[in-house]
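Only one chain is shown below, in structure tokens, and it's the form predicted alone.
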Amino acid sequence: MEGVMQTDAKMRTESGAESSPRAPGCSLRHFACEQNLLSRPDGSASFLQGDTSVLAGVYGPAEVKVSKEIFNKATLEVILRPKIGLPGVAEKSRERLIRNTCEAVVLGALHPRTSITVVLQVVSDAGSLLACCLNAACMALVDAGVPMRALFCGVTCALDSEGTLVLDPTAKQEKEARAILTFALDSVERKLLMSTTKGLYSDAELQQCLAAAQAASQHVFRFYRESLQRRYSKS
């Protein structure tokens, strides 16, 4: 929370952007994003946080099976595929958390009796995987043109044995942490959309982590804007 992240993004590719790398004292690892990578989905995005990378594809609004049809809103599904092997309990849990976050912002009432499917493929996991999945899903939804009342992002916090707060922890920092907390926040009021925690922490530490995540989300949303500005200013 004490660190200040510099987000002077630089263009990486024609449809992507990359933030400056994390230097000593910075809160977050570097970001990189590239949209419209895949031809078959209606929208896609690759999101990189440090060495954690996730590829997302969005299909829809499209026809939905009668058994899954909801008469007054779109049916939203999330599929998370691990880097190796078949999805397990951890993936199913993350799917539920990501789906709940997406449902909180997607204006599904505009497309009743349709299906919106978000498919996430883990490319590499070097810590803060759920936050990276949330960010990739948001950018893919934007690329697909799915109507949303706000953007959203994920921020992970870790508390070590001494109570020191680390934002966007690596896999090693997560392994050594006493508690890991992940928050999903919206871009309008920084409101909490979803939270999941693991480990032991006090009420004061929870509030400290939430405040740090809300502050860090400003940098993530700024990166979103800069990435999209670069893409759409090329017309």
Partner chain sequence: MAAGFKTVEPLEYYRRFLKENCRPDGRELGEFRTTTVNIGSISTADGSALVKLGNTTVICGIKAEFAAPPTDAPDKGYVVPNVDLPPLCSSRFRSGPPGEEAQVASQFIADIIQKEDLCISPGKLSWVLYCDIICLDYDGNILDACTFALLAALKNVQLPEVTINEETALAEVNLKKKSYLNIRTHPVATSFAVFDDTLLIVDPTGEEEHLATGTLTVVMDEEGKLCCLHKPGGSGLTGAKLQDCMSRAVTRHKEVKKLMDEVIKSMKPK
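Fair warning: this is a prediction, and the values are worked out from it, not measured in the lab. Residue numbers count along the first chain shown, from 1.
Although not depicted, the form predicted in complex with its partner chain is the subject of the following passage.
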Open item on the list: Going by heavy atom distances of 4.5 angstroms or less, which of Leu206, Val188, Ala62, Ile70 would be at the interface with its partner chain in the predicted complex?
Closed with: Leu206
TODO: Determine whether any heavy atom of Arg99 comes within 4.5 Å of a heavy atom of its partner chain in the predicted complex, and answer yes or no.
DONE: yes
Task: its partner chain contact at Gln173 in the predicted complex, heavy atom, 4.5 Å - done: no
Task: Contact of Val119 with its partner chain in the predicted complex (heavy atom, 4.5 Å) - done: no
- [ ] Tell me, yes or no, whether Leu86 is in contact with its partner chain in the predicted complex, where a contact means a heavy atom of each within 4.5 Å.
- [x] no
Task: Location of its partner chain contact in the predicted complex, chosen stretch of 31-39, 45-53, 190-198, 163-171 [non-hydrogen atom, 4.5 Å] - done: 190-198
- [ ] Would you check whether its partner chain, in the predicted complex, lies within 4.5 angstroms of a non-hydrogen atom from each of Ser124, Ala144 and Gln229?
- [x] no
Open item on the list: With its partner chain taken in the predicted complex, which residues across 77-94 come within 4.5 angstroms through any non-hydrogen atom?
Closed with: Gly88, Val89, Ala90, Lys92, Ser93
